[in-house]
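Quick heads-up: it's one chain on its own, the form predicted on its own, in structure tokens.
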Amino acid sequence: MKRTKPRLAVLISGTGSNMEAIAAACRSGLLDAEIAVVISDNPNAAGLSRARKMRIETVACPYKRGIPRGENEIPIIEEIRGRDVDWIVLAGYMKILTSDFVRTFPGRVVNIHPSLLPAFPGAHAIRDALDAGADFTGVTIHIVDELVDHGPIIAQEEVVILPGDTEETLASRIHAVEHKLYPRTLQELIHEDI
């Protein structure tokens, strides 16, 4: 039977709120794609429960200590290859992918980051923006390359930092932007080749 929609593997580490927004966009037709699998390095990630409630297949691939990252990625690569996936979508995936992983899926791994890259790369982008006294930050969606929080930028949207913002209040506004921007950008990327 011929497949009609591009298939996504969504990689998460935590709550899965962006994954849930992507799944909702797939269901509503805003994003003409289907999530083939949600994979997490964290077997206790709340996002896995969210995905199961939405009847999306889930797989936990925890990293084992003392084993090189590349070896820990082998089960993830096998899960993706076994599902005829077109795009790998990082949605709060907190592991740094190896060059071998990126080269396995060249130009097909997409990430979202809570800043206007190249400003504030890394795991604490929201805190870093506040600590720097920035007037604004935002959201970046980019193709993953072999460097961290780097690669061709597909979309960005600014978020103003308000007086008195805390990490939590700013994160809440950033997430609201992410949940709209990520599905819309994926639709354009997959179907219109930005």
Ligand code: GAR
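Just so it is clear, the model here is predicted, and its values are computed rather than measured. The first residue of the sequence shown is number 1, and the count goes up from there.
What comes next is about the form predicted in complex with the named molecule, which is not displayed.
- When contacts are judged by a 4.5 Å heavy atom cut-off, residue 41 does not count as touching the named molecule in the model of the complex.
- Put simply, residue 149 is close to the named molecule in the model of the complex: some heavy atom of it is within 4.5 Å.
- Of the heavy atoms in residue 122, some are within 4.5 Å of the named molecule in the model of the complex.
- Residue contact with the named molecule in the model of the complex: residue 185 places no heavy atom within 4.5 Å of it.
- Residues from 153-192 that approach the named molecule in the model of the complex with a non-hydrogen atom closer than or equal to 4.5 Å are 175, 178, in the order they occur in the chain.
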